[in-house]
Ligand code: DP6
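Before any questions on how it binds or moves, here is one chain, the form predicted alone, in structure tokens.
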Amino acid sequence: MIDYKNPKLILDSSNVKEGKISWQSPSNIALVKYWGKHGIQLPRNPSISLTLDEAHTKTFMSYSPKKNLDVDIDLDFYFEGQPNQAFANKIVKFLSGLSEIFPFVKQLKFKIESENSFPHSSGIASSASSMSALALCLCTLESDLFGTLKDDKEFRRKASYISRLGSGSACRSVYAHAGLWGTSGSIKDSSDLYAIPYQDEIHKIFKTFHDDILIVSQGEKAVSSRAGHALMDGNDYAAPRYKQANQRLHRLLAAMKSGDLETFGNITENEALTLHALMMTSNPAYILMKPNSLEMINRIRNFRADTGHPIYFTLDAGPNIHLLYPDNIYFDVKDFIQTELVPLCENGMMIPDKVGLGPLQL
């Protein structure tokens, strides 16, 4: 059991300097979904995701000696260039909860500026990119101030652990190509506490996969992911779901290792529909898909049946469709996307994305 509590990470107040750290961290799209949690951000079942490239958050953390000793966490927070008190309150709570892991957060004055390349709260895992970017900044700050975390594997593992405390899915975003989170007996080093990299275990075709995000709605979700996870505690289908997720993960990993696109697509689509079925069987029940989400799904399936192209869909906890396909059919599918799917997007908005190389220190 990893315990990152470290009372030694205390600054010499007479030698604190100003500084700035910046990270760009991507969102990710889960293939086997994590839905339902327990304890302190621990998953009820393991999950695997593809790391995205264009859908990312940039976080700029400035710090200086703390002068206002009357506040526990001294923070100014800006989102998209504007003060955002609601987000600031969440970050203050998050940082306060990390004070035994990073005692120095109570010794510094922070200014954090964050910006997304995609709409917030519309089901593109904005919390995954934002919380992983913040965690990477904090781990870099520890490394810079105390000379720790020089080993990249240890740095990423701690960043994943910290990310998880802010947003479960965020822990997978710290790795290139693919990340796996949750204990599975067949997977070495797998853990509920942090994600592990999974890029070396997948076929090369998935490392150049496209994920075009079709924005059916830019609006904020009616039910947050946090609330959705909590509703799993009373869902009659929860126990069989967790068993199903483990079984599907085993089959999906075999398909991703061999490059079996048909099995990959079948499991990925079924996982997306299962996720939304769980929402519709919660109490109270709720629906996040929109009419155009369903229309897109039907058109994707019809196009695949007509052409034989391995083009598949998934959804996160929102109405927007993630269109997954290998790079070698890009020119064959781009006209279909533009003529059949983009007109169903809100204001024609689509984010062309692909599997990426993970976070980038700016």
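Numbers follow the displayed sequence, beginning with 1. On a predicted model such as this, the values are computed, not experimentally measured, just so you know.
The same protein also exists as the form predicted together with the named molecule; that form is not shown, yet it is the one meant from here on.
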Is residue 292 near the named molecule? Define near as a heavy atom within 4.5 Å, in the predicted bound form. no
Would you check, heavy atoms only and a 4.5 Å threshold, whether residue 35 touches the named molecule in the predicted bound form? yes
Is residue 225 near the named molecule? Define near as a heavy atom within 4.5 Å, in the predicted bound form. yes
Wondering, does residue 275 line up within 4.5 Å of the named molecule in the predicted bound form on heavy atoms? yes
Counting only heavy atoms and a 4.5 Å cutoff, which of 328-336, 53-61, 36-44, 300-308 contacts the named molecule in the predicted bound form? 36-44
Scan 167, 160, 114, 268 and let me know which has any heavy atom within 4.5 Å of the named molecule in the predicted bound form. 167
Just give me the single entry in 109, 177, 229, 248 that has a non-hydrogen atom within 4.5 angstroms of the named molecule in the predicted bound form. 229
Of 305-340, which residues get within 4.5 Å of the named molecule in the predicted bound form if you count heavy atoms? 316, 317
